[in-house]
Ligand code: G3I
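As a starting point, one isolated chain is supplied in structure tokens, in the form predicted alone.
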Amino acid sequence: MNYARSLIGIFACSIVLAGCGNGSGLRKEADRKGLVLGVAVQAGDVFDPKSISLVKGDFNLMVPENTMKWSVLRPIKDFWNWSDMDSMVAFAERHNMRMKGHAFVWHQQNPPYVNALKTRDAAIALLTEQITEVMTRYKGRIAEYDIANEVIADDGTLRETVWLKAIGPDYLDIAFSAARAADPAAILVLNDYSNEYEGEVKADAFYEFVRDLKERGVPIDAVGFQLHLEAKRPVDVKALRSNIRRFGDLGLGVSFTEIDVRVQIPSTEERVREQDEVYGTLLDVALTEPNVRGFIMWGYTDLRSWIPQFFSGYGYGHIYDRQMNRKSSYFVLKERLAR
């Protein structure tokens, strides 16, 4: 599947439907430019009036932050918790938004019965069932999926996970093939962190791993760069662009999948300026590299941010503050989109 070509029809529709969103938000300009401008949301966001207004007004794609992860969607083997996912997909359809699924294969947030898998046959059967059930249920309604997330360790080796131990190194071949069979039209993505800069150990290992998948005929369409960044570290634009382009040479699209830009607490004017610069630079790259079609933020408000729990002494990583007011980074993005 040609990742870029598959989006052309979608965005022809998006531009026509852009008026269904909030005309003063980011979405109108993103639709005009043919940019997937997305956000990860929590299950309750689609019921909260203020969240609804922000999400539909600023974004044309929605990702379930946790709702599709295995421990939430299927906490025990014989029970599927479909209600929240159904509500999210219905919300996206009502507001003419694109929907992305996240994620089938991950080393975290797995229920005990997944972590207890021992045999290759049992693991293959369960993984195939999970992918097939979800993608068949939402066929034609969820446009793309992170099939696997964070499969490369920081040292560049294949991460030790229950899937690697039980199945072996071909578990991703199996996962992507099952996904293609379940919904041939869906875009299939391999997502990871610290994989954005050519020349770094993990990024180069990720590229070589993906190139091998592609050469062996594994049906992968795109890669995701998470881009959980720190404001005081400027974007290495040269290394980012060269990395994007080498994936393009493989015939693969690139999506910026989990953007946030954390700052040290307390925030200062200088730290805010640094944050604004990182956000603006990332968007400039996304808009000027033809191979990039996704600019997705991992949350939109500091009120419900994951950052303080995982990065001690850091926060303020999103474009809305704790009172759901637009921050300066929001206006930086809006100005860049309007050019």
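Predicted model, so just to flag it, every value in this text is computed and none were measured. Position 1 is the first residue in the sequence shown; the rest follow in order.
FYI, the form predicted together with the ligand isn't displayed, but the following is about it.
Only one listed stretch (50 to 58, 305 to 313, 270 to 278, 28 to 36) carries heavy atoms within 4.5 Å of the ligand in the predicted complex, and that stretch is 305 to 313. Judged against the ligand in the predicted complex with a 4.5 angstroms heavy atom cut-off, the residues Arg98, Asp221 and Phe256 are out of contact without exception. For Glu198, no non-hydrogen atom is located within 4.5 Å of the ligand in the predicted complex, even though that partner is not displayed. Among residues of the shown chain, Gln108 is one whose heavy atoms approach the ligand to within 4.5 Å in the predicted complex.
The ligand is not drawn, but in the predicted complex it has a heavy atom within 4.5 Å of His102. Within this chain, Asn149 lines the site of the ligand in the predicted complex, having a heavy atom no more than 4.5 Å away. Listed residues His228, Lys202, Arg180, Arg246 were compared with the ligand in the predicted complex; His228 is the one with a heavy atom within 4.5 Å. Residues are counted as partner-facing when one of their heavy atoms sits within 4.5 Å of the ligand in the predicted complex; in 51 to 66 these are Glu65, Asn66, in sequence order.
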